[in-house]
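Next up: just one chain, as structure tokens, the form predicted on its own.
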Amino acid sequence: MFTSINISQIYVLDQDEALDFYVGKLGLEVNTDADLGFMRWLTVQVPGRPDRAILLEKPGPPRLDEATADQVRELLTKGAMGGSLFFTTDDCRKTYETLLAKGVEFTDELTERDYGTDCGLRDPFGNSIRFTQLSSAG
């Protein structure tokens, strides 16, 4: 049976803009950036964690025909189809303040919850991102 998940995927409209956001603002690092001919394989990871990557994929062939890719792009632009990423951090407040200083716009302010402290934001393409500092009980 399965032993792990090593790549998750979200759609982005512009891979260079996605790279600026995920690496330049969120502090992730490039795992793979390869031209496969039929698509650009662009993955990022939490620094030092190559075992788990996020594929930043443009909607289009070979996975989607152009008509379907247009629909996906339209829904993504409306924020109606974004994926979701969940990160953990050792210091949610510090991470929040660091990202805020970099101009990241949050959709959910820093909040204390039963399971820890978390907040939420969207990437430039409508994908939802949350990060949490789990409580010791969480």
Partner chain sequence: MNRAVEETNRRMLRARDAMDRDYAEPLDVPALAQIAHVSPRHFIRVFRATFGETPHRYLQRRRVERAMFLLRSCDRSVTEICMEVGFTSLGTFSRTFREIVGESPSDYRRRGPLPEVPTCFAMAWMRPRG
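Between two forms, the rigid core is the largest collection of C-alphas that superpose within 1.5 Å. Numbering follows the first chain given and starts at 1. Since we're looking at a predicted model, the values are computed, not measured.
There is another form of this protein, the form predicted in complex with the partner chain, and it is not shown here; the text below is about that form.
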**Report entry** Partner-facing stretch of 24-32, 47-55, 87-95, 107-115, counted where any non-hydrogen atom is within 4.5 angstroms of the partner chain in the model of the complex
**Finding:** 107-115
Requested in this report: Would you please decide whether residue 68 lies within 4.5 angstroms of the partner chain in the model of the complex, comparing each non-hydrogen atom pair?
Outcome: no
Query - the partner chain contact in the model of the complex: residue 125, any heavy atom under 4.5 Å - result: yes
Report task. Find out whether any non-hydrogen atom of residue 61 is located within 4.5 angstroms of the partner chain in the model of the complex, and reply yes or no. Result -> no
Query raised in the report: Does residue 40 make contact with the partner chain in the model of the complex, using a 4.5 Å heavy atom cut-off?
Result: no
Query - Is_shifted residue 61 between this form and the one not shown (CA, 2 Å cut-off, rigid core) - result: yes
